[in-house]
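First, one chain by itself in structure tokens, the form predicted on its own.
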């Protein structure tokens, strides 16, 4: 590879905006590998040391400490590459839920070359609030459905996560309206990221032929 860092696209936006939905769809498209910190955390053993620490923070709607978050995430992605589920030479890494703070963005730079930030935008916060509540009830995550926990997550996003946008060059940020149907949103995302994936694939192909 031309670099040891993973070639990466970030899915970015407030809670409930659909990052996970779009990431899961992209994961089914050859050439994209979706890594969701939410899924990684939810699959932690609740009785383990890291699992207990995670639930201590998430139950209050607060962010997990950066060092813990980055350690868990990197171990997971590295394991996926060893298992050949994620092939860095062929796949673009699609990150959902990371980075959630400027400090995490700085640490992430060690591992990832961020090609684009897909900023999913929704101006109707009430719609996002209701979407989060319904999702939590559907997934039987009762604590996540509590209004005070949801409100706290929006507060944390505005204070700690939204400033991450300023960390990346303006030309790398792509705004996409998140309130269309999943297929509509996907179409707009693919318009932007498929050329990046093709360039990555072509580069690896040319280097492999040398």
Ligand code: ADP
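Positions refer to the first chain, counted from 1. Predicted, not measured: the structure shown is a model, and the values here were computed from it.
The same protein also exists as the form predicted together with adenosine-5'-diphosphate (ADP); that form is not shown, yet it is the one meant from here on.
- Task: Mark residue 58 yes when one of its heavy atoms lies within 4.5 Å of a heavy atom of adenosine-5'-diphosphate (ADP) in the model of the complex, and no otherwise.
- Result: Contact with adenosine-5'-diphosphate (ADP), yes.
- Consider residue 16 of the chain shown here, and say whether it contacts adenosine-5'-diphosphate (ADP) in the model of the complex, taking contact as heavy atoms within 4.5 Å. Yes, residue 16 is a contact residue.
- Does adenosine-5'-diphosphate (ADP) get within 4.5 angstroms of any non-hydrogen atom of residue 62 in the model of the complex? Yes, residue 62 lies within 4.5 Å of adenosine-5'-diphosphate (ADP) in the model of the complex.
- Item | residue 34: touches adenosine-5'-diphosphate (ADP) in the model of the complex, heavy atom cutoff 4.5 angstroms | So residue 34 does not count as contacting adenosine-5'-diphosphate (ADP).
- Item | Residue (of 27, 42, 146, 162) lying close to adenosine-5'-diphosphate (ADP) in the model of the complex, criterion heavy atoms within 4.5 Å | Filtering the options by heavy-atom distance leaves 42.
- Go through 133-141, 105-113, 83-91, 119-127 and give me the stretch that gets within 4.5 Å of adenosine-5'-diphosphate (ADP) in the model of the complex, heavy atoms only. Single hit among the candidates: 133-141.
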